[in-house]
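Just the one chain here, the form predicted on its own, laid out as structure tokens.
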Amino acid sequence: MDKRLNVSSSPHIRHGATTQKIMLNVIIALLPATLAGIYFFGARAALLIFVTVLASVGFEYLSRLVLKRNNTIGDLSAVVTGLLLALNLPPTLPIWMAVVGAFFAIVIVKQLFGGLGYNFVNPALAARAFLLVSFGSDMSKWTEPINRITALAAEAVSGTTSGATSGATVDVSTYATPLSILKDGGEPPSLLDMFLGQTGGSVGEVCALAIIIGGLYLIIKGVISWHIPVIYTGTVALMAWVLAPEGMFTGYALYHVLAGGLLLGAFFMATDYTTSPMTKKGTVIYALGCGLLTIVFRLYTGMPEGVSYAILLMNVATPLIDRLTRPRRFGGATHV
């Protein structure tokens, strides 16, 4: 037995987790929301997801080649970025716009700042914000999902086959999202419909059940902790109830949790290692900030949704939060 003492630089505590393993777990966790999006929006959603992921991987490879850096497509981070971006897009968005979004996420936000671990904001959310500013009309065209659940229930009663269960196309007529309906004072869909995916919205945000399953998988596997998702969604629920337009303590707390991209953002984007705080106190401040900004955007601006901008703003604030909440060195003073 070799009893030599090996001297090496820190860190001396090592873990078996690798970037590839972490990203693979994120991909697995996103599968329920991905499959639900394809199920409810048909083949067009599948094509959008495939092209966006493929474009993200391709831009990662080409940008690393041009910048003369080591190839990193094997770490699967580009796949995760492409998948998250696709799940944040309307199912009928023109394919070329999704490719532009993938270019912005990978090349501009990620690689030009040094690659994985150096981006100061979440690439997928930054690309979504860029597309929303550049192609606002197309990014705001929502469609009604294929009403498969209702059709299946009708089939069970009547014994006939409904076209809704077999169709693979998306109804391209304009369809309001739950948050848009709430903003306009209309009659919102039921909580059950939002939980199961019978509402309009982005490909991956409509089925709360699928997102929660994926989020719980990440927590159980230890990829993320529960703190950011729970504090973030809890803050939105509490403030939506308290600051309701109709009067204090009369808001739709659960409605704001299930509607829009809150759950997708809380589990999969606000928890990004690079753009979220490293300290426990910082994590609490960060999650509270995400929740407060989200509800401010939803209730007091012209936008029905606010998750993307809330997380992006807190991403930018993360270095300052880390600086203000870093623990004091043993025997030393805190310097800000």
Partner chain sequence: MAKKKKGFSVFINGIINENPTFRMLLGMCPSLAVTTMAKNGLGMGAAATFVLVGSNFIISLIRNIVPDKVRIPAYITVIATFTTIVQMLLAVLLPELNKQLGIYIPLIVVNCIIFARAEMFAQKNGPILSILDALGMGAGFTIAITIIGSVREILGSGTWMGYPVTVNLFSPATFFILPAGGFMIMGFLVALFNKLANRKKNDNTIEHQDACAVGCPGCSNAAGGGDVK
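Numbering follows the first chain given and starts at 1. Because the structure is predicted, anything quoted here is derived from the model rather than measured.
This next part talks about the form predicted together with its partner chain, which is not shown.
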query: Contact label in the model of the complex: Phe120 to its partner chain, heavy atom within 4.5 Å; finding: no
query: Heavy atom of Ser134 within 4.5 Å of its partner chain in the model of the complex; finding: yes
query: In the model of the complex, Phe130 touching its partner chain (heavy atom, 4.5 Å); finding: yes
query: Partner proximity in the model of the complex: Trp96 to its partner chain, non-hydrogen atom cutoff 4.5 Å; finding: yes
query: Residue stretch of 97 to 105, 255 to 263, 199 to 207, 233 to 241 approaching its partner chain in the model of the complex, non-hydrogen atom distance within 4.5 Å; finding: 97 to 105
query: Listed residue (Leu216, Leu112, Leu192, Met248) with a non-hydrogen atom within 4.5 angstroms of its partner chain in the model of the complex; finding: Leu112
